[in-house]
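Shown next as structure tokens: one chain only, the form predicted alone.
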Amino acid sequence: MTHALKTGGDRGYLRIATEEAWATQEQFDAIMRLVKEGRADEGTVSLWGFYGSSPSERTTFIRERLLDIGELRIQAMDESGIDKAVLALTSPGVQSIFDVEEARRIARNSNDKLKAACERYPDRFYGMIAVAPQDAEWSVGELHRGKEELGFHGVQINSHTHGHYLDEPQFEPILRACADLDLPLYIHPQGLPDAMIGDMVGAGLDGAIFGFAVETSYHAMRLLTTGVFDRYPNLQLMLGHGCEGLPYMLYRLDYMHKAGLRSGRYPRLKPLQHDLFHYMRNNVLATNSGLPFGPAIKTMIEVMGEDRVMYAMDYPYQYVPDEVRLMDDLDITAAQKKKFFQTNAERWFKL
């Protein structure tokens, strides 16, 4: 231990964790029913077939802590020096559910439950809206309710919805509402769809180790290359886990995107108003959830700008208080560190 972890800003900044997961028993039960009935896709079976039933110490801890949005979570925040947490319904949200009415009900109930927790701990918890993209028009109404009635600060979409992505026409109302309501859109990973997963489960690479980043960065690139941010130039896309690796690859992504446009070989790709560097520095925000790694964070700051990179712990999936100390000792300027831990979150989530 190099220093005590305290809340209250004793190091010159508050620590705001911006990608913290929670769950409801109703959500768990619906997902596990699909797994047991053999109706869930392979990614969900791999993820929740394990996390939902394994008796191991790690999975038991995660299930218990996902369901808690009370004293256990506050205690963990205090012990790791986290002042505030932005909470979102854990992956896959309700997006793996086939019954649209059930998906809507679970999402709405979760938003109401999260609102009650935020009212109990108004200085510690902040909410992101859960929606059911299976019903885009209903989701638009829930976005309005989430912001205007519940006072939430963003929306989390757990990447694909039964293999479909937000750049597809049926989801345009959701993108439009996020832009109109000035709600940041956090795209969080879930298991890869069956059309993409291949043998990743057999290789042991389908989840957070690798597959999540493959699938979610693919989703983000679909949005970046199809004119979404030309239509909605104020829309802010949030990506976790080191921006799912995109900053490291940005030069090549931009170069090859331009080459693809020149070739005319992809009918779906049309010229954009800007290059990918512009959108990454004006429309994409990143967190380091699950990646307390100095070189990656400094690369994000260099590529995206110091106003666009935020701290996240990824509780309870990755709860290691010593990682907070690593971030306190990160080799960046004091001004950058305050932005990273506190003021960027306050700005973009409007805390």
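Residues carry their position along the shown sequence, with the first being 1. Given the structure is predicted, the values throughout are model-derived calculations rather than measurements.
The next section is about a form of this same protein that is not shown, the form predicted together with a small molecule.
- Of the candidate stretches 280 to 288, 27 to 35, 43 to 51, 304 to 312, only 43 to 51 has residues with heavy atoms within 4.5 Å of the small molecule in the model of the complex.
- Every residue in the set E19, R58 and A208 has a non-hydrogen atom no more than 4.5 Å from the small molecule in the model of the complex.
- Checked against the small molecule in the model of the complex, the residues H241, K147, H257, R108 give one hit for a heavy atom within 4.5 Å, which is H241.
- Proximity to the small molecule in the model of the complex, taken as a non-hydrogen atom within 4.5 angstroms, holds for one residue of S139, S96, T90, S159, which is T90.
- In the model of the complex, H188 approaches the small molecule with a heavy atom inside 4.5 Å.
- Residue contact with the small molecule in the model of the complex: Y126 places no heavy atom within 4.5 Å of it.
- Contact check for F152: every heavy atom lies farther than 4.5 Å from the small molecule in the model of the complex.
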